[in-house]
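Quick heads-up: it's one chain on its own, the form predicted on its own, in structure tokens.
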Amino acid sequence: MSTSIEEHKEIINLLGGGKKLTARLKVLSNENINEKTVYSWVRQGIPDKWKVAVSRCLLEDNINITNYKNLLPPGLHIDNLFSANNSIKIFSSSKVLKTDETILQNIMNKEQLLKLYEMMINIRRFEEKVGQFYSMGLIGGFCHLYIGQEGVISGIEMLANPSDCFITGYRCHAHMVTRGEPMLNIFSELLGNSAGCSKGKGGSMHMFREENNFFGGHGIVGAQVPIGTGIAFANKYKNKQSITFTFFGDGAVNQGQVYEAFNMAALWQLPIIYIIENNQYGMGTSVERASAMNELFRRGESFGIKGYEVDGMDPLSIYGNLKQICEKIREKPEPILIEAKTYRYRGHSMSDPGKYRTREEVQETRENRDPIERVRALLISKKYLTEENIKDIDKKAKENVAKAAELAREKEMPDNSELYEDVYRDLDI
């Protein structure tokens, strides 16, 4: 076997093998390349027509391409892949972020891992109780559960400062939980009573707690993105070191207001991280059917916004990869786009039967990629906790959720006069 073929075999292995490389090459080209073809390159070498695309994959994964002199086709020198000052790669600064498993397993100490696990289990038990209440007819209006996506918000909350600002769409209960709002207040809001965090006027989609730097809960698809951009502008104007974490879904990413916000954030170099919680499906439609270009982390490239894809089912990957990004933004503000590849186990909303995907697909994700199970297994493998300790934590979470839920049911509904309050904000001038 020639040296070049040996190199090509090594490259294919570095990029995750034939199956993963095939999937990436399909995205990069319009050709329907199959796995059998890519696997044949191990014996025959990578054809010239695919070498530039493979080079791009290496650059995205931060693999030193200069080690592979036999990769590029005739007439293309390795210097052609870089700009004149050798600092900006022609393909893109955006990339898929991957961290070595050994590093991820040791990225948090015992106390941090325990806090992360408790945060995620509290979100899940809370959302499960919300689902029960909705099925009982106790919660009105729309209701969107976060079950399955706990790794995204928990990983970010573990690295965020209290002064950082959060804003999201209508799938917002989990963000209220991690921002420290008492569950009693959140349940009360869902039930529409006077003890709710928005006095019972917002409901499921319009949670809000300025004291905790949580600015919603927004029912209009994509509306939170320009608002979050405005918050980031205010923070920079006031010389605050705060980062604004602006969450939105794969269904919102095609909204025009999103790109207007991107333009302003890039123009003014605002301290903001846009986080696309890509749970694979919008309101019954897969990303592949809704977006002509579904590498969503690249959506800010035309504005000069660097984008990164991160495994949203792994809170340790979220924490590890975003921690360095946050540190850089605090030193030198700039907008960043993150695509967190995650998955929701329930329907888009409680009224969605989810018939557009198979039970097998959902079950496979639950069994093999669940973010809570990942951290639970790590806590046990490191001997930080025993199975009994885990059961005690889960039992406590269920008890706390049940207690808050029942107390919320006892609270009184708002007086009719409240209908005319909070229409306008009273300003002390």
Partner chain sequence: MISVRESIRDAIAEEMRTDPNVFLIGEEVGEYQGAYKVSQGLLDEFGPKRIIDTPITEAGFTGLAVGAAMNGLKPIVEFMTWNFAMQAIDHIINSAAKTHYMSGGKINVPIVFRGPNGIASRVAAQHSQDFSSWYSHIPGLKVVAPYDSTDAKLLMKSAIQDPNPVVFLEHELLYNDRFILSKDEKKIEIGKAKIYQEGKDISIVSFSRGLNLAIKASETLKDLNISSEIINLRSLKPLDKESIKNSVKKTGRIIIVEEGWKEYGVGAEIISIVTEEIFDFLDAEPIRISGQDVPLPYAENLERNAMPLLNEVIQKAKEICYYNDKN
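Here the structure is a predicted model, which means the values were calculated and not measured. Positions refer to the first chain, counted from 1.
The same protein has a further form, the form predicted in complex with its partner chain, not shown here; the description that follows concerns it.
K.L.:
Only one of G202, P333, G131, G320 has a non-hydrogen atom within 4.5 angstroms of its partner chain in the predicted bound form; which is it?
P.N.:
The residue from G202, P333, G131, G320 that makes the contact is G202.
K.L.:
Would you kindly say which of A232, I167, L190, A340 lies with a heavy atom within 4.5 Å of its partner chain in the predicted bound form?
P.N.:
Spelling it out, the residue with a heavy atom inside the cut-off is L190.
K.L.:
Please check if K328 has a heavy atom lying within 4.5 Å of any heavy atom of its partner chain in the predicted bound form.
P.N.:
Result no; K328 lies far from its partner chain in the predicted bound form.
K.L.:
Would M283 sit within 4.5 Å of its partner chain in the predicted bound form, counting heavy atoms only?
P.N.:
Although its partner chain is absent here, M283 would touch it in the predicted bound form, with heavy atoms inside 4.5 Å.
K.L.:
Although its partner chain is absent from this view, report whether Y345 comes within 4.5 Å of it in the predicted bound form, heavy atoms only.
P.N.:
Outside the cut-off, so no.
K.L.:
Would H173 sit within 4.5 Å of its partner chain in the predicted bound form, counting heavy atoms only?
P.N.:
The answer is no: H173 has no heavy atom within 4.5 Å of its partner chain.
K.L.:
May I ask whether R124, E295 and V362 all come within 4.5 angstroms of its partner chain in the predicted bound form, judged by heavy atoms?
P.N.:
Result no, not one residue of the spot touches its partner chain.
K.L.:
Work out which of the listed stretches, 249 to 257, 145 to 153, 158 to 166, 98 to 106, brings a heavy atom within 4.5 angstroms of its partner chain in the predicted bound form.
P.N.:
So the stretch in question is 249 to 257.
K.L.:
Taking only heavy atoms into account, state which residues of 208 to 239 are within 4.5 Å of its partner chain in the predicted bound form, ordered by sequence.
P.N.:
Stretch hits, in order: H218, G219, I220, V221.
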